[in-house]
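This document starts with one chain, in the form predicted on its own, laid out as structure tokens.
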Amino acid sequence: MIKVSGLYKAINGQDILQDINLEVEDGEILVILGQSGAGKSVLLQHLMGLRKPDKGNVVISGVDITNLSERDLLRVRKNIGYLFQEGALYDFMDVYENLAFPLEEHTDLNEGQISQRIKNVLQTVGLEGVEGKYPVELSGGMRKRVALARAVILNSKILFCDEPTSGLDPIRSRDISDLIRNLSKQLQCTTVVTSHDVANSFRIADRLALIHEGRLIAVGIQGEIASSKDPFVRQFFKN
């Protein structure tokens, strides 16, 4: 379980997150929605331990990560896959090398085992045979798939995805969203996705949360969110 309690964060004197309280159950897909600048990505960075809150704490699988040392955080992060908004693939590495890197850093697998793991994960994301290509040779959708493959290649039980459909056309956005849901359920991951893509969020989420001006103003299943009486919630989903 992931539990966020009383989380506050200000950056350059501006309140970004204000009294965030949120729980994510094991195996659940939670999508955090909101406008640009609402605080979605900053919240996800706190879940990853990339930022420290001004107040409050984040507990992951029973471990309060708020004040952990970088060394202890690295141990926690070994169980977390992170899909960055722009993919963040290494341009100077081909697909095989991008996927092999975390395996070489964090496992004792031999070369043959690494090769087989890479082949399997590429097959899972529908990209067989691209091991020798560089990121620049791939389409935007293919780069997202490779980045997602890298995020899950360690068989992590937690998956964080920051705006995974950003920059993609509607068909590719739907495909990536469906792939995230299928992978999450197949691997039994606890998955948190940030997005402004309402339609695809409704497609994949077990629950949704809406953040506005740094505050969580609605959390629930689709029917609960859609029937909210809050004016901003109604306007957000209407648009």
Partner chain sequence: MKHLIEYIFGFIIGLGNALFFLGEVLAHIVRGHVRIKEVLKQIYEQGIQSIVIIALTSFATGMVLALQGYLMLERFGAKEYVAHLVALSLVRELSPVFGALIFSGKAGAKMAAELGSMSVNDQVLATRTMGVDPVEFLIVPRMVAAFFVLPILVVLSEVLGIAGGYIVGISEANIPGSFYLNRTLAAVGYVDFFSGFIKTFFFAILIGWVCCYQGFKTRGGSLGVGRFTTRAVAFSYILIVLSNALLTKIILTLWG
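Being a predicted model, the structure only gives us computed values, none of them experimental. Positions refer to the first chain, counted from 1.
Beyond what is shown, the protein has a form predicted together with its partner chain; the following relates to that form.
The stretch among 207 to 215, 191 to 199, 168 to 176, 46 to 54 whose residues place heavy atoms within 4.5 Å of its partner chain in the predicted bound form is 46 to 54. Residue contact with its partner chain in the predicted bound form: R77 places a heavy atom within 4.5 Å of it. Contact between F101 and its partner chain in the predicted bound form is found at the 4.5 Å heavy atom cutoff. Though the partner is left out of this view, R145 does not reach within 4.5 Å of its partner chain in the predicted bound form, counting heavy atoms only. Although the partner is absent here, L89 sits close enough that one of its heavy atoms falls within 4.5 Å of its partner chain in the predicted bound form. Scanning K133, K157, K119, H106 against its partner chain in the predicted bound form with a 4.5 Å heavy atom cut-off leaves one residue, H106. Heavy atoms closer than or equal to 4.5 Å to its partner chain in the predicted bound form belong, across 1 to 40, to no residue whatsoever.
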